[in-house]
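Consider the single chain below, provided in structure tokens and representing the form predicted alone.
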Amino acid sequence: MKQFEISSKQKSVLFGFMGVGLLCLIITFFIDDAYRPRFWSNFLINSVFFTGISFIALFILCAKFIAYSGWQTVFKRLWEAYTQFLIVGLILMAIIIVGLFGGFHHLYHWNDAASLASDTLLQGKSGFLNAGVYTVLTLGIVGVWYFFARKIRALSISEDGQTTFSRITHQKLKKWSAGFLPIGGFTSAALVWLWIMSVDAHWYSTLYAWYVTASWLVSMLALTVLLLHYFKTLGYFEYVTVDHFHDLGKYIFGFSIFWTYLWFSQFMLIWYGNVGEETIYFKTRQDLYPALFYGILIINFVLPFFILLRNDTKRKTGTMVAASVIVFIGHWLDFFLMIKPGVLHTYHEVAGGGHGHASMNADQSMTAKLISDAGAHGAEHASTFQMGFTIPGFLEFGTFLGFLGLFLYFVFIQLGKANLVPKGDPYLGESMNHHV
């Protein structure tokens, strides 16, 4: 049972990643215009993406505890380490909040005073979509998440120091987990609405919170597979076997299908309803961002479906690593597509002085104009192409690499603070002898 300690080489590599990310952010800041939509949207995408991975790790851990699940016990310390990143996520989102009040960015149309004054629809939503609610709910909810994450991890680690199994400690762990699940489930939806869906303030979807959470979950599972394979090459997590990877592969396969079900449900119902304020979301992405719109469906459904469909592929290292890399990047691209078009639209409105949104019809007219400019056959897409928005560029991928380095560095530090093998967990024996 080796104790993990982050090596100087690992620190150098991860600091290198963070350096690349910081450099890309700096370059983006200075090449952007005065409103800096590319810089702030890159910051928002990665902050939400990795904070969400941390949250969903906590949620799944709690679900496993109260479901008496034991197969994941040998690597649960990795998920516990994920959860501790919530404190970093809180700081990252606090930076977004400072930008809201300081007028440093225009990520959200509802935060522009001139637009709000002339837009009746935004005025109708202003009771929820305002900087005060955004601040209170973000700081309050993520703070509560982190409180639960700290408490649950502390109880889990405390089991290791007990010479005999303590039913009292484990029952406390289950009670705290049971308490978090409804809190996490309901509050996460509110933050998804605020952080991401309100970027397109004139649009809404009742499935959106489920859709985003599924994307977080598949990303978290894919990163788990990649890190477990990496650590096993270093001699850690020796009790993690091909059977554990097999189960992780089934989860990635299953929830990739669930994500696709939600994608299709949103698209099909909105398309069939043909309601202007709803269809405009997909119409914009289909016509102006076709490579991402269709590419994401291929990357996040078609490829993992056929790669992981066979039972034996989930037991092959190369296949699992390849599938995990594909879906991890694919779901980051999903967040890119969820956020970038709305930010670009707000930029055109604010920078272009287009504050005259008296109604939804004006909003549709603006988007229709952008779609028209793109051209029916795609030949004119070049005229509307904007690097960092139409598709991610080197600066976007570099920023993503920097945030990934920050996330991994924090996780590695947390892994060094506890035994990788939770020797006090009553389900350890079951997990060590897990077979499928």
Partner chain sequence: METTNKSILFGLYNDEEIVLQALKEAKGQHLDVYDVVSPFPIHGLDPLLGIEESRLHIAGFCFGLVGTLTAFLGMSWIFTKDWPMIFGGKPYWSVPAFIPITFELTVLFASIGMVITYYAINGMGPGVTNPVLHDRLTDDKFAIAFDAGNASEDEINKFKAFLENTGADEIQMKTI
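This is a predicted model, so every value here is computed, not measured. Numbering follows the first chain given and starts at 1.
The discussion below concerns the form predicted together with its partner chain, not included here.
In the model of the complex, no heavy atom of F128 sits within 4.5 Å of its partner chain.
Contact check for M268: a non-hydrogen atom falls within 4.5 Å of its partner chain in the model of the complex. Contact check for L139: no non-hydrogen atom falls within 4.5 Å of its partner chain in the model of the complex. In the model of the complex, F147 stays away from its partner chain, with no heavy atom inside 4.5 Å. This chain is displayed without its partner chain, yet in the model of the complex the stretch 305-313 from 89-97, 70-78, 305-313, 167-175 comes within 4.5 Å of it by heavy atoms. For the options Y204, F101, Y272, F186, the one in contact with its partner chain in the model of the complex, meaning a heavy atom within 4.5 Å, is Y272. Taking its partner chain as it sits in the model of the complex, the stretch 418-436 comes within 4.5 angstroms of it through a non-hydrogen atom at H435, V436.
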